[in-house]
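First, one chain by itself in structure tokens, the form predicted alone.
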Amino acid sequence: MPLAKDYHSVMARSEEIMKKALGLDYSQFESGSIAFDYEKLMKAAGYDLQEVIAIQKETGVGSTPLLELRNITALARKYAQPGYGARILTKDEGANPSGSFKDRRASIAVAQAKKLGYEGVIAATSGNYGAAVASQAAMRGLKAIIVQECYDSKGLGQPEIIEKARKCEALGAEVIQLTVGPELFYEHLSLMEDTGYFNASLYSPFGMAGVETLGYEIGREVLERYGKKPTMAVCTYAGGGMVTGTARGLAKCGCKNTQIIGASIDLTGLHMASDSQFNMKSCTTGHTGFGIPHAMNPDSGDIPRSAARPLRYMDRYVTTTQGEVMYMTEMLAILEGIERGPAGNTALACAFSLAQTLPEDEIIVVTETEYTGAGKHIQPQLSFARENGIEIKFGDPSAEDVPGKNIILPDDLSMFRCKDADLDHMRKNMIKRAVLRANGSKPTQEDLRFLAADTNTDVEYVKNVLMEAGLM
């Protein structure tokens, strides 16, 4: 008898579908109403760092250039107080096969699918990850389906997402485009069930194992070239994969004290699942619409437990504006001869501001520089914004920026000012939400220790949060 394919029936089978599509039984990691064995999940990928490096080498992933941005560093020093202005480096992940750091994630996920004998892979993403999965699947001789949240109800799609669909199709993938809303997860599950393809999830331990090489390369190369460890690694932050993998990789090469900085565009006030607001933003990722929800609820994706746990690893979470990122994208091209996409330059816009707070002899590394072209370029993005009634002008982004209303390009470089988001607020919300989802189960000591690790705090902090909220 055929299975019922209505929304509620498919969602009710989600755990069964995901287990079959990933070849991984998540019940083996569960250890409480809230807690689970995170490190056991990470080890379940089954590849140590050297094996990951070898797999990535087979398909040309990794070993990307580490570039010193001398002219941008000089400008940062011009606007800093005497003796300040850290050296700014960037890891040019645009040199990966599909043009972003996402190749690192896709390389291990697709290799695992090949190893387990799956015919194809499937991923739900509107970002660079789709192109990465398509590229790696082509190299491994597998089929690929990419499911995109692409359009609003009027059929209007952002130029950046349309460009990524083009790239996925050019690399041999089948692309299924959807309107914004809850159908993305349903369609993803339904397709996995129908095809029997491997779930090349962004948030599996396979994907996260692949990103660890990014942090490892950064730490090793900075040490070899400059004889010191990087002070900060600035990661464009959406779902937390780059933050998590970079931090773990840096730790594996001895850079445990390098500060991990998450960087997002501040799109406060825009709801990511809103049909009317979907096209009021000029970028599709690397913004607070993903970053803040993922921080407080990392297990809301396409697998039962996410291997990306940003609050475990972020020392700071800073935000910038769309205008600053657009300006920085052009600045990178004109001053350094490197034309790359805005998503990666979110971290660079923040790094330009952060470098001015550090002494000249320190090093700050931007962990991503992604490919650009067609709809990913700032010009079509700005044109799209104008067509949607967004005002574009020069001014002071910190004072004038209103997401969904305008894009303020900085009048002067002194106006690059990243702002600290409230990590403590996010930690408290994550703790409270986790306990509420346990449906009245009293947190065990194991749960409390897990929540302390997941928020990079301690058990006493967790207890205080729960007592203040009347949950303990």
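For every residue, the number given is its place in the sequence shown, counted from 1. Computed from a prediction, not measured in an experiment: that's the story for all the values here.
One more form of this protein exists, namely the form predicted together with a small molecule; it is left out here, but the text below deals with it.
S.K.: Heavy atom within 4.5 Å of the small molecule in the predicted bound form: which of R309, H188, K91, K102?
M.R.: Looking at R309, H188, K91, K102 one by one, just K102 meets the 4.5 Å heavy-atom criterion.
S.K.: Heavy atom within 4.5 Å of the small molecule in the predicted bound form: which of G239, G219, G157, P304 fits that? Just give me the one.
M.R.: Comparing distances to the small molecule in the predicted bound form, the residue within 4.5 Å is G239.
S.K.: So which of 131 to 139, 173 to 181, 94 to 102, 76 to 84 is the stretch with heavy atoms within 4.5 Å of the small molecule in the predicted bound form?
M.R.: Looking at the partner contacts, the answer comes out as 94 to 102.
S.K.: Considering non-hydrogen atoms and a 4.5 Å limit, does the small molecule approach E370 in the predicted bound form?
M.R.: Looking in the predicted bound form, residue contacts with the small molecule include E370, since a heavy atom lies within 4.5 Å.
S.K.: Even though the small molecule is not shown here, does T288 get within 4.5 Å of it in the predicted bound form, heavy atoms only?
M.R.: Output for T288 is no: heavy atoms all beyond 4.5 Å of the small molecule.
S.K.: When the contact criterion is heavy atoms within 4.5 Å, does A343 count as touching the small molecule in the predicted bound form?
M.R.: The answer is yes: A343 has a heavy atom within 4.5 Å of the small molecule.
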